[in-house]
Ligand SMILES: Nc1ncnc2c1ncn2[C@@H]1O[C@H](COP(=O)(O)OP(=O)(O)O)[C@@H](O)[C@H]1O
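To begin, one chain is listed below as structure tokens, in the form predicted on its own.
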């Protein structure tokens, strides 16, 4: 059963900004990773999914209900962490928590106490004097404190220190085991890789890839780096296997007499048998990570810079 649905969502802000024909769904009990750098369209999609904006075309649903038309009903049943934390001024952290409990029409003090201890949060100070990290902790606690079945998390660890980021990832894994349905928007590969069942990559407002996380981890196609003894052996290999069926040569490095190849598991015995006839310096398996896969879509960009880690 699809708990979260985005169908052909389009919102064009002009100059290439916005989201365009975005579609995905999140099944009950699933953690769905929405991966992309800042400005790719993650937050725009989530704002529409939360019912804060009306699509130009397409629709967004949670529990089968249109989120824009049922905004108030959705908010009371979904835990939400915004990408940018803007807390109301003039309140202490405790007053903000009580205000959110009243809005959610739910008060679970045992759950609240557990979260405050877990994230080492003291909510006594005024919100306007809180650091970004403390504000982020407060947003995390208020999103989870009524124990909602659906969670929509937009860059949830932004502003948290590395220790708290690890605490958060472990917490999400526990929530996943409890059967929560979670949409996790992030540009941090580690937290997506550690928690998500399915992943979509968004670029320039469009989904360029979506896949089951385990399919990437256990893909049948493997990559290997091969180093040859000298240039003559290197050139002979290229002539022989340039158009071979059992492998693809995906990178050449003539200065080091090396190549990178890709081959399917079903051909690996044949590939190794063929390579045994060549004097080699090394033969190394290259494990493809989520970051490696992601960078296939962003490697030509000049602006992703340090936005991804």
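Being a predicted model, the structure only gives us computed values, none of them experimental. Residue numbers count along the first chain shown, from 1.
Although it is not shown, the form predicted in complex with the ligand is what the next lines describe.
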Interface residue in the predicted bound form among 54, 281, 47, 252, criterion: non-hydrogen atom within 4.5 angstroms of the ligand:
47
Only hit among 38, 59, 260, 70 for heavy atom within 4.5 Å of the ligand in the predicted bound form is 38
Mind checking whether each of 63, 77 and 79 has a heavy atom within 4.5 Å of the ligand in the predicted bound form?
no
Which single stretch, out of 22-30, 39-47, 241-249, 271-279, brings residue heavy atoms within 4.5 Å of the ligand in the predicted bound form?
39-47
In the predicted bound form, residues of 5-26 near the ligand [heavy atom within 4.5 Å]:
13, 17, 18
